[in-house]
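This document opens with one chain alone, in structure tokens, the form predicted alone.
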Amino acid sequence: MSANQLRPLDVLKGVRFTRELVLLCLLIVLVVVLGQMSPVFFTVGNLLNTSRFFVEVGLIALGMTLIIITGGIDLSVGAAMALVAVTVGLAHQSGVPMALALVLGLAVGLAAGLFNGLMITRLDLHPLVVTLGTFALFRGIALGVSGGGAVSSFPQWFEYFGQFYLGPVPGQLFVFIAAVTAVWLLLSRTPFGRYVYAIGNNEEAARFSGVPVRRVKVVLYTGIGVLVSMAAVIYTSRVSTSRADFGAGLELDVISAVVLGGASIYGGSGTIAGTVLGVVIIATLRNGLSLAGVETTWQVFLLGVLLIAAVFVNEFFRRREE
């Protein structure tokens, strides 16, 4: 058969369908469909502006990817984000210099992650149980110390940090790109990254092979605490206020992005590229549906359907790779 007689299916036989390729195709389809639903959606300005709203979810999703690869989970990230934001706001309101208030916020986020990690590793408790408890604990502390009120009137330079643009590109996007690069290098180019995958594939075997399982888990939960702090600072700067209800429902978007990106809920698999695509898909979906006038309730419903579909797709790829 000559080259000009090749059928499309013959060409497709040579294509290796990876999770990332499927996600990329899904993103393209979403952009086309949502562009038809709203004439405002498919514009350069809107697409770039959308990136402003996925940076916080994206930063936390990077840390969640590593945790889920080990077979763990962290349900407290939204509550920890609120606790960090309230710490920064109240510290500034009480007269602490803004730079020092940011350091205190970073310390609180780090301490929250470290607390989760130590509870999980030292007491041998399941991450789901621990982080479900700290989800309530952190949110309760944030509500208690703030009284449910909001703190605003931040310095102009701090507000500028979360709202500035470099040309048409939001400045926060560069922070996200730097974080993606750092976490990707950590996971794919260092022995620590191999430890993460080894723990997810078989924790007992990894322990007998000399992998410092407890230490790796503590580092991962502490690391996501730092990423939560970064997300909280960016979000507080962007909206110019801090409240104890920040991050409500954030866990759904974060976990959805990671699972949609190909990380297995059973542990042992997942990539940073897949997570980034998952974050972009969810942000694009939410933005497009909002512009089309779809109610938030239906957006959450569609996100839930997408998450369930992602689990089935991931299971298909997992069995195919066995």
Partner chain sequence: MSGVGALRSVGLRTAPTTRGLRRWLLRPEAPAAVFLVVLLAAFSLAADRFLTPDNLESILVQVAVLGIIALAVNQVILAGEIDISVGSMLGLCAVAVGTVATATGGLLAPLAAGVATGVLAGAVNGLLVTLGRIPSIIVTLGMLYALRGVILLVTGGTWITQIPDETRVLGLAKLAGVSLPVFVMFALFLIVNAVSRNSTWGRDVFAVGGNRRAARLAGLAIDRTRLLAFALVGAFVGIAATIYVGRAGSVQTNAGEGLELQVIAAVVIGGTSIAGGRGSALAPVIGAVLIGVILNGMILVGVPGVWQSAVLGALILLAVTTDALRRRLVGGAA
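As the structure is a computational prediction, the values presented were derived from the model and not from experiment. Positions refer to the first chain, counted from 1.
This next part talks about the form predicted together with the partner chain, which is not shown.
The stretch from 234-242, 221-229, 133-141, 84-92 that comes within 4.5 Å of the partner chain in the predicted complex, counting heavy atoms only, is 133-141. Of the residues given (V169, I177, V145, M98), V145 alone sits with a heavy atom within 4.5 Å of the partner chain in the predicted complex.
The single contact residue among L104, L173, A111, V129, judged by any heavy atom lying within 4.5 Å of the partner chain in the predicted complex, is V129. Not one of E20, I28 and T65 is positioned with any heavy atom within 4.5 Å of the partner chain in the predicted complex. In the predicted complex, I281 stays away from the partner chain, with no heavy atom inside 4.5 Å. With a 4.5 Å cutoff on heavy atoms, F115 counts as touching the partner chain in the predicted complex. Among heavy atoms of I265, some come within 4.5 Å of the partner chain in the predicted complex.
Using a 4.5 angstroms limit between non-hydrogen atoms, E56 is distant from the partner chain in the predicted complex. Interface residues of 249-276, taken as those with a heavy atom within 4.5 Å of the partner chain in the predicted complex (partner not displayed): L252, D253, I255, S256, V259, I265, Y266, in sequence order.
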